[in-house]
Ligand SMILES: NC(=O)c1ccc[n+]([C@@H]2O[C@H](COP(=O)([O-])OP(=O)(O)OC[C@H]3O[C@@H](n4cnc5c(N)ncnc54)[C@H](O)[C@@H]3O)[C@@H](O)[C@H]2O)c1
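Given next, in structure tokens, is a single chain: the form predicted on its own.
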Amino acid sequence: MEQLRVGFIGTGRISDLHALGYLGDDRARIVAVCDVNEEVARQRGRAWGVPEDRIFTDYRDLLALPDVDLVENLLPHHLHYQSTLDIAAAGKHISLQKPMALTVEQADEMIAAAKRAGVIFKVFENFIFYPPIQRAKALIDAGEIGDPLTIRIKSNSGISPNEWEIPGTAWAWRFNRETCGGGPLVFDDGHHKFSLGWYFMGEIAEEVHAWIGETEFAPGLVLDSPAAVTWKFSNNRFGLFEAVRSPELVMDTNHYAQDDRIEITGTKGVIWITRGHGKMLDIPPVILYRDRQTRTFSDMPVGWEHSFINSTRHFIDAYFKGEPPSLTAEQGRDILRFALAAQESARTGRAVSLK
């Protein structure tokens, strides 16, 4: 069987979820890993069955391997630009963690480099592959709520005794605007939420207005919370994303201490997705109201890891079928442009047009 041979650049906490889709699919195999932290690289490489001589601390050594077809680029945001250019120059296909770059200009250069090299370029997005999200989208596409009019997304972060242990170095760069590109909740995690707006409403918004506050997360670390981002689609449709940290809110999660709720209102019904990272609400993951009746849907996996597995499997399918992945680099660029516009709106106190 032909296999997609994958190399990982960056083997931090999130790489565990990225690896699941490859490890569980006979059509793919992880053949090399790289991380500047040699101990972390060896830990992940051994767990994934990678030979010792294919575990690196310099990604250029990984790119020199002739039998790496695709690179999962999981480096911090400020390193995406140069590393992606180098991956394209090496002739490897690219799966890049979101957000793809710090500026639209960088994104344009990265897209152009991938096109010149003739390689596939995916910006990794998992939320649109989360099973409750996909079920809600199927119901909407079937006309269950009519034409979507508004989308409301609420993201709550708190604390949890079961949450991931995240090294301090991994937190530090996310709270630095020069390395992250914005704040952890609105720019970084917000990419997921803005992707959901695009996914459910069928287009990127044409105008955005944002308010982004500040809350101390830890000594020396300031979180972009509370925040509200509102936007306008064409045809008089609207979206709202609210991000808030509740420092004493204990959450049920095995990953980040965070959860999400989504409400989509249409011309003849309303649909709710009641969870994301965790399980705050002990109710069905998808609820539909229409014609004086409420229907619930629970026949689907709800672990956050399934969104990563489905996203990776989609890419493997697309690779072997010769079809475009989701998100394409161009779609990732559009969402990056939106995320940057939200940052600009918060700084200037004015709405930003994306027309």
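Just count from 1 along the sequence shown to find any residue number. Predicted model, so just to flag it, every value in this text is computed and none were measured.
There is another form of the same protein, the form predicted together with the named molecule; it is not shown, and what comes next is about it.
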property: Single option in Ala138, Val250, Ala218, Ala170 placed near the named molecule in the model of the complex, where near means a heavy atom within 4.5 Å; result: Ala170
property: One residue of Phe127, Phe121, Phe233, Phe200 in contact with the named molecule, assessed in the model of the complex (non-hydrogen atom, 4.5 angstroms); result: Phe127
property: All of Tyr59, Pro76 and Asp188 within 4.5 Å of the named molecule in the model of the complex, heavy atom check; result: yes
property: Contact stretch among 93-101, 219-227, 235-243, 148-156 - heavy atom within 4.5 Å of the named molecule in the model of the complex; result: 93-101
property: 4.5 Å heavy atom contact, Phe175 to the named molecule in the model of the complex; result: no
property: is_contact(Met300, the named molecule) in the model of the complex, heavy atom dist at most 4.5 Å; result: no
property: Contact flag, Leu20 vs the named molecule in the model of the complex, heavy atom cut 4.5 Å; result: no
property: Contact of Tyr256 with the named molecule in the model of the complex (heavy atom, 4.5 Å); result: yes
property: Neighbours of the named molecule in the model of the complex among 301-332 [non-hydrogen atom within 4.5 angstroms]; result: Trp304, Phe308
